[in-house]
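Before any questions on how it binds or moves, here is one chain, the form predicted on its own, in C-alpha cells.
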C-alpha cells in the first residue's frame, strides 16, 4: 500500500473520481490523499447555490462532498476503488456554508472489517475546528467483482 502518492495536486478530481459523474459535475477535486485519509474540495460555483437570496451552497453538495470524501478514504485504505457502496451516512449540519468560499472535506477511514469499512469526515472552509458539517459513514466492500469476504480483517 505504500505506492499511494502522499499528495495529489489540486483540481485533479479525475485521479480517483473519474468514474463518479456527480462528483465531476461538482468539480470535486482531491487536494491531498494518503493511506486512509483524504482532503477534497468543491469550489464555489453559481450553479451549486441552493438559495438565490442568500447565495449559500445547497446542502446536497455538502452531502455529496462528504460521501465522496469518505468513499475515497475507504478506497485508499482498502484498494477497492469502484468496489464500495455507501451503506449508511449520517450528517450533522452545524452552519451554512459562507457564500463565495470553497468547501473542503477531510475524511478518514478508521476501521475495516471483512465486509464493511467505517469512515468519518468534516466539511469546512479553512479550519477543521469550525465545521460546516460532520459525518459518520459505513461502506460495503467488494460490490462489483466479489461477494463477501473481500478484505482481510484488521484495517486501521
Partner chain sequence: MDVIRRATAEGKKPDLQQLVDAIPYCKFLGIETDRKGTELTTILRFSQKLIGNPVLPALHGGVVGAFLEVTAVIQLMLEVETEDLPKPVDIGIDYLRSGKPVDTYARAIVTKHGRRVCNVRAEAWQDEHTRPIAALHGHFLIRPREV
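Keep in mind the model is a prediction, meaning the values are calculated, not measured. Positions refer to the first chain, counted from 1.
Quick note: we don't show the form predicted in complex with the partner chain, though the next part is all about it.
Listed stretches are 98 to 106, 114 to 122, 22 to 30, 35 to 43; the contact stretch with the partner chain in the predicted bound form is 22 to 30, by a heavy atom cutoff of 4.5 Å. The partner chain in the predicted bound form comes within 4.5 Å of a heavy atom belonging to residue 51. Using a 4.5 angstroms limit between non-hydrogen atoms, residue 88 touches the partner chain in the predicted bound form. In the predicted bound form, the partner chain lies within 4.5 Å of some heavy atom of residue 92. Contact check for residue 128: every heavy atom lies farther than 4.5 Å from the partner chain in the predicted bound form. Residues of 58 to 75 placing a heavy atom within 4.5 Å of the partner chain in the predicted bound form, in sequence order: 58, 59, 60, 61, 63, 64, 67, 68.
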